[in-house]
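Have a look below at one chain only, the form predicted alone, in structure tokens format.
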């Protein structure tokens, strides 16, 4: 049975490619569309409230997304070596090392590296690494750094935490007013929040359609098409793309067309994609009729913004992201996905780079197995650094996992 299945690509991927090319083109040459100081460029973390940045007339660029691009183009390892030779530890996040390596050797990086920013915006809701990463960038680039601190949510999100983050968002606005010499306009912020809401709603609808058997999407599709919900959040371009993607996915559902022909097993993926092995790795599963119909990673951007006044809504939404939540919360999230999508098993990527995502996985794995009875596999790798990948070992473990599934079904 192995090796004779054809993976079904999406037509929308071509539109995505054009959309992302435009985004990076305008980011690189943003200064040509008016004086550079008129529209500053910010490097921003994926968990930061970008709606505020856009409302202030600042164009955002995401080094984490660039790190994923470096991974898919298999240049991360070389960029990481450059950063390591400059004194950065191999134990640091590969996105951070690739980003710093691209600063030092732009000739090795895709697109010649990212355009130089006028400011940096970081939020620690996804990990603590971003704080030191962005501090290092601020020193190297000699640009100001604006930080937002979100307290860890051990249980339920409490009102004092919301008030604490809301106050920081208000302060961020005042600082950006001083930096840009522009007045904040609440109407502009609401416009970008509304666009974010619409894109998230579409993204949720797309992900929910994967409940269908066979699933119209495989997780690599979700990983590729999550780019706009991150880097184009709060823009019409994201809404346009997800309307197109929703239409294609809906057509697949209506025609009974699955992403993996002959779907036999339905799986859950936990953690960031292995970008340097994106399709090669998942073919180990799809060739045996296994489809990853949902995941925790791209689902991190499928949370509907909280209701309420703009600052309070943003504070609630960005503080309560899943990586800022407890083991119990993340266990419950996976258990619900397994039950709601009628899954046969799950695979966890023990990602050397992402400690907040990976360090508690073994505890979560035991809890999920106890509650659902489905098997869970752990694969050790790195999201972008191809040096941290033992191909034969991975293939052996995947084969054993799939053979175990065979005996259950």
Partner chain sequence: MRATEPASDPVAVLLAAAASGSSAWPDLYPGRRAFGYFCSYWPEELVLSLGWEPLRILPIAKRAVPGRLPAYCCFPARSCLAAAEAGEYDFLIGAGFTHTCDTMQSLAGIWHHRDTFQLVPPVTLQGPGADAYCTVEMRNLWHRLAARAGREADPRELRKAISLMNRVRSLALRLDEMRPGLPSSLVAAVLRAGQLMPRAVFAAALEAAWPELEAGVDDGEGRHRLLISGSVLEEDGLYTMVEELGARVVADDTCSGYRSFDGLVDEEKEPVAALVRRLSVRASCPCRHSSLNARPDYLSELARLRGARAAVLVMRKYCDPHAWDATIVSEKLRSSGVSVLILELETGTAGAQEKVRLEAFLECLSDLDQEGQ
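Just so we're clear, the structure is a prediction, and the values are computed from it rather than from any experiment. Residue numbers count along the first chain shown, from 1.
Quick note: we don't show the form predicted in complex with its partner chain, though the next part is all about it.
Within 4.5 Å of any heavy atom of its partner chain in the predicted bound form lies no heavy atom of residue 79. Residue 367 belongs to the set of residues with a heavy atom inside 4.5 Å of its partner chain in the predicted bound form. Although the partner is absent here, residue 91 is a contact residue: one of its heavy atoms lies within 4.5 angstroms of its partner chain in the predicted bound form.
Using a 4.5 angstroms limit between non-hydrogen atoms, residue 201 is distant from its partner chain in the predicted bound form. Annotation: in the predicted bound form, residues 16, 239 and 256 none come within 4.5 Å of its partner chain through any heavy atom. Residue-level contacts in the predicted bound form: of 248, 158, 177, 208, one residue has a heavy atom within 4.5 Å of its partner chain, and it is 158. Listed residues 193, 138, 335, 278 were compared with its partner chain in the predicted bound form; 138 is the one with a heavy atom within 4.5 Å. In short, of 239-247, 122-130, 180-188, 71-79 it is 122-130 that has heavy atoms within 4.5 Å of its partner chain in the predicted bound form.
Along 213-245, a non-hydrogen atom within 4.5 Å of its partner chain in the predicted bound form is carried by no residue at all.
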